[in-house]
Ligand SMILES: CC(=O)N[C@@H]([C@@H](O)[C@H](O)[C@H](O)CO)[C@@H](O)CC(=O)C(=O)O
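Presented as structure tokens, the chain that follows is alone, the form predicted on its own.
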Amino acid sequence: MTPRKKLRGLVAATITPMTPDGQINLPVIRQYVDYLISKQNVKNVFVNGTTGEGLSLNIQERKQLAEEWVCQGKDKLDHVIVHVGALSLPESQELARHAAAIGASGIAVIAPFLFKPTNKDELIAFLQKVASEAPAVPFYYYHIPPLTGVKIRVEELLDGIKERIPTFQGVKFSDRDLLDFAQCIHKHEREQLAFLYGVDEQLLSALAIGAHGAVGSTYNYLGRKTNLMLEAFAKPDLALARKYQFLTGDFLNFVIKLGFGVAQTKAVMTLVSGIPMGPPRLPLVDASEEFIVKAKAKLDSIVWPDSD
């Protein structure tokens, strides 16, 4: 799948559908693709990331999911970015080769987080070894220090990175450090890189700084509303854009207080889309019925600006 355009706009961090007994549920991916396009106006996906429980899946499962998304997304989706990060370098390299072979639009890599890189050079060495296995595929760094504990600033990481990784095309920046994010954009704005923000409730702030788009889990079920926020920001109608951001934040603030993670995201997506996302994989456990009831009531109570 050769991308026809730069990676911009919303990218859904895809959920991995599972059967009740915990196996990946590949047959629903086709319905999932059509739902994202027709109901959420989202045509880019990020597969096997945090929301997709990528690090809880085995290598074969990750390959099967990547293949299915590329297959079902052909001529429908603009970009299928496959996360190939792993704790093991050989496994990450194997996944990178596989993503290239099936025609993924790009690959992304998270920093290894058990034996952590302690400085920029160590991290780039790992990333370069993975990227070199897919030399014709755009490469993205997936920055998420709240989960990895790898707090190397992206501003520092990007200095000279194209010389080490010629395929480098951008960052999925899932951190609240907007100063670091801003410096990345400011220093590299002429390089046609993609700086995609990954904290959904702060997207409007990132747009003001110059974000080119966003990767997040809420775009699975609030993609259309967030796209309307992007349109309002572009006009610019900042008052309207703020309304959308505040309402998204109001929902997230509510569910975070209840306990909100991948399992709960699966439950909300099932609720909104009607597509069975199934349970998460242990050690995560199913969302409670109480959570589902309260989350549904909260969603139903929101009056969006376009509801008139």
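Everything numeric here is computed off the predicted structure, so don't read it as measured data. Position 1 is the first residue in the sequence shown; the rest follow in order.
The same protein has a further form, the form predicted together with the ligand, not shown here; the description that follows concerns it.
> Is Ser217 close to the ligand in the model of the complex, meaning a heavy atom pair under 4.5 Å apart or at it?
Judged by the heavy-atom cut-off of 4.5 Å, Ser217 is in contact with the ligand in the model of the complex.
> Although the ligand is absent from this view, report whether Leu158 comes within 4.5 Å of it in the model of the complex, heavy atoms only.
No, Leu158 sits far enough from the ligand in the model of the complex that none of its heavy atoms falls within 4.5 Å.
> Is it the case that Asn44, even though its partner is missing from this view, gets within 4.5 Å of the ligand in the model of the complex, heavy atoms only?
Heavy-atom contact with the ligand at 4.5 Å: absent for Asn44.
> May I ask you to state whether Gly49 is within 4.5 Å of the ligand in the model of the complex, using heavy atom distances?
Looking in the model of the complex, residue contacts with the ligand include Gly49, since a heavy atom lies within 4.5 Å.
> I need the one stretch from 127-135, 69-77, 232-240, 209-217 whose residues put non-hydrogen atoms within 4.5 angstroms of the ligand in the model of the complex.
Answer to the contact question: 209-217.
> Tell me, out of Leu178, Ile185, Ile144, Val154, which residue has a non-hydrogen atom within 4.5 angstroms of the ligand in the model of the complex.
Exactly one residue meets the criterion: Ile144.
> Looking at Leu123, Val199, Val150, Leu204 here, can you tell me which has any non-hydrogen atom within 4.5 angstroms of the ligand in the model of the complex?
None of the others qualify; the residue that does is Val199.
> Check each residue of 151-181 against the ligand in the model of the complex and list those with a heavy atom within 4.5 Å, in sequence order.
The stretch touches the partner through Lys172, Ser174.
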